[in-house]
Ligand SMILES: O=C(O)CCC(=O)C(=O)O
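In C-alpha cells, one chain follows: the form predicted on its own.
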C-alpha cells in the first residue's frame, strides 16, 4: 500500500485551523469506481438500513443522506475501509489507533436545493471524547455553485455547542458572541480531492444551483477508546451499548494503527 504523502505542515495546519484540504487523493480509477458505486446506491429503492432523510422532503432539499453504505454495498465498502485514507485521519488527529464511526453519501440534488447551514458535527454524535474527524471526498468538481465545503478557521477550539436544526437553523455564530470569527475558507476542489475537518469545526455548504447532482462521500473516523454517551443516534440505537463503554467491535473496525 502506498500512503498519501501527508506533510508535517498539513498536519500542523489541520490542528491549528480544524480542517485541511488535500488534492488528488483518489486515482482516476478509484474515483470512477466510487462514482459508479454511489450512483448505484442512489438509484436503489428505499432501504431502511441506510436511509435517514427520505421521510422529510425539506431535509432532502439540504441533502439526500444515506448512512453506513459500507455494510450493504461492496464498492462503497472497499472505499470506506481504505487503510490509506484512514491513515491520513489517524495522523491528523494524532491517535494511535483510528476506528470507523460511519460513512454517508451526501448528495445535493439540483432544483429546489438549500444550503447546509453552519454547524458542528460533534453535537449530533453519542460520544464521550473529542478525537473525531471527517473526510469529505468530492465525487464531482465543487465550488460555490454546487455546494462546496466552507470552514471557519480555528472554530474547533471553541468547544461543543448545541446541535443546529439543518432544516430551520439557528444562527450558530450567536452562540459564540465573544469569538473573533475569521473569514471562511472556501474549499473549491476537483473530484477525487477531499477535505478533513474536526468534529467541532464550523462548516457550511451552499445550495446546488447547477443542473447536476453534487455527490460527496463522507467517512467519519474516531480515535480508539471513544466512549458511548447514551445519546440517541441512528448508528448506535439498538446495539445495546452501555454509557461509558468504548464504541468498538465489528461495526466500528480499527482501520489504521501506528507503529
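Residue numbers count along the first chain shown, from 1. Computed from a prediction, not measured in an experiment: that's the story for all the values here.
Beyond the structure shown, there is the form predicted together with this ligand, which is absent from this document and is the topic of what follows.
Taken together, the three residues 90, 97 and 156 all stay farther than 4.5 Å from this ligand in the predicted bound form, as judged by their closest heavy atom.
At the 4.5 Å threshold, heavy atoms of residue 79 stay clear of this ligand in the predicted bound form, well away from it. Proximity of residue 131 to this ligand in the predicted bound form: non-hydrogen atoms within 4.5 Å are absent; the residue sits far from the partner.
The shortest heavy atom separation between residue 149 and this ligand in the predicted bound form is within 4.5 Å. At a distance threshold of 4.5 angstroms between non-hydrogen atoms, residue 106 is in contact with this ligand in the predicted bound form. Among the residues 41, 218, 33, 191, the one placing a heavy atom within 4.5 Å of this ligand in the predicted bound form is 218.
Per the 4.5 Å heavy atom criterion, this ligand in the predicted bound form is contacted by stretch 117-125, the sole one of 71-79, 117-125, 172-180, 157-165. Residues 197, 203, 205, 214, 218 of 196-223 are found to place at least one heavy atom within 4.5 Å of this ligand in the predicted bound form.
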